[in-house]
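First, one chain by itself: the form predicted alone, in structure tokens.
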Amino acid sequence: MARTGKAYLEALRNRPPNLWYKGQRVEDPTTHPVFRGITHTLARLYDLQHDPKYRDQLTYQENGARYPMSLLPARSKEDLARRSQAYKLWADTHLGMMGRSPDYLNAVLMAYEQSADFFGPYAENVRRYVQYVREEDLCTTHCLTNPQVNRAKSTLEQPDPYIPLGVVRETSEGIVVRGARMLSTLPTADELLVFPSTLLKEGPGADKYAVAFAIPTHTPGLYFISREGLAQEGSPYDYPLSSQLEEMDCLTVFDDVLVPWERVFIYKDLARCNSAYAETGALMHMAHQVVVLKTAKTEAFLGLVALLAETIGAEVYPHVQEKIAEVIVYLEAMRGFWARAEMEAQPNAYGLVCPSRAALDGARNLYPRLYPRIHEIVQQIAASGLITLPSEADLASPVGPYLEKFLQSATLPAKERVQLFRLAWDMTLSGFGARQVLYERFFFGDPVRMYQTLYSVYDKEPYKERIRAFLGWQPQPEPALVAD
């Protein structure tokens, strides 16, 4: 059932992940200076589910209980619309800057549950697990790719066969796995989902890498080793995003971790691993949440650049208006992808209604190219205002009157003007902002490979045929068979 923020924080304190930061174990993420911001942000998201103003948007009712809308089975286009409105409400609260809010992987789990027959002998494991996540309203994260030891070599050619995550042995209790995965964003989740993310190639011993499962983040032998934090010591005034939304990214190490049989979803089945996302509809539902998230993020940037220009009196200049209009075009493009994805939704082989893959593929291939340009527009409009940024403490100090005089703007006093520009800095130029650019570039994978995949799956034949017909080409007859 829909959980509260208090329940999330208590679970994290009682069963913390084996999380390491700068050589030390993080005993309580809810109070740690790097992790407390994101954990309390998550708690606020959970609490919104119980706010009478938002409850009906964020949850659905079944048998007298309320569950998160992101786990509502998508059996109609109306269900898709209800799901996306819930995505949007959460995304608006964090300006679209949180990539691993719980609704992201809930979209995948819902698709897996509704298409559970795809998993063959492990179908009931999938159904039971998703029902468990639904009943407890758990927060999940996942780990994606193998470590970048030697990208010129295949998984089977690495210096150690257990650099990539693989199965070591079977026991009566389950499978034992060893190796590592990148990246676990949001290690402060309750559960870790380990799904196939790249194409597995056939070869002797390759089946040991063909696994999918879920385990608690506090499982023995599981380590989350964090990068350096982007959250700075200071107030939300000084660091409006990084102080609250540092999700953290980790190398995830599996040191002979036991995965119980009831938590196994795919085992030694390369074909199922390679087709799981597409065949179950998980790919489309995950991308559906992402398109809504990126729409919210683009709206936030539009509001930012328009307010920046207004604040310093630059909105009267044609070149500034052109740049803001460019962001408007990007926003309307994302809204168009979102609307078409729902309008052209179709059921898959298992009866799950899936948003249009063509529309979603367009969005997820275009946005990584738009996002760096949006950052550039912010910098071009704000200019040196992104550099002259005193702190909240400066404004309250003896030099505060100087700042009040020299950092006022056309429409705002100094304190509000500095606060706005500090937000622009945190969105684009801080460590947090720079990480967002890298994140958007590779969110769904290597952009070149993404384009290659789009080329291979997109049906180009109707458009080729239109050109042939316009040119008056006659269909070529089939070659006659010649008898021996």
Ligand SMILES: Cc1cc2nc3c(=O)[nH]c(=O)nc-3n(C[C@H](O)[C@H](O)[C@H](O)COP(=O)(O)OP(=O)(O)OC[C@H]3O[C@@H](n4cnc5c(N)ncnc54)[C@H](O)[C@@H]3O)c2cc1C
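No experiment lies behind these values; they were computed from the predicted model shown. Heads up: residue numbers just count along the shown sequence, starting at 1.
Quick note: we don't show the form predicted together with this ligand, though the next part is all about it.
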ask   = Is there a heavy atom of T145 no more than 4.5 Å from a heavy atom of this ligand in the predicted bound form?
value = yes
inquiry  = Can you tell me if F442 lies within 4.5 angstroms of this ligand in the predicted bound form, counting non-hydrogen atoms only?
reply    = yes
query = Does this ligand come within 4.5 Å of any heavy atom of R435 in the predicted bound form?
reply = yes
inquiry  = Using a 4.5 angstroms cut-off on non-hydrogen atoms, would S184 count as touching this ligand in the predicted bound form?
reply    = yes
ask   = Which of these stretches, 264 to 272, 145 to 153, 236 to 244, 311 to 319, has heavy atoms within 4.5 Å of this ligand in the predicted bound form?
value = 145 to 153
query = Pick from E279, D249, E299, E392: which residue has any heavy atom within 4.5 angstroms of this ligand in the predicted bound form?
reply = D249
remark   = Checked D56, E27, D446, E62 for heavy atoms within 4.5 Å of this ligand in the predicted bound form; positive is D446
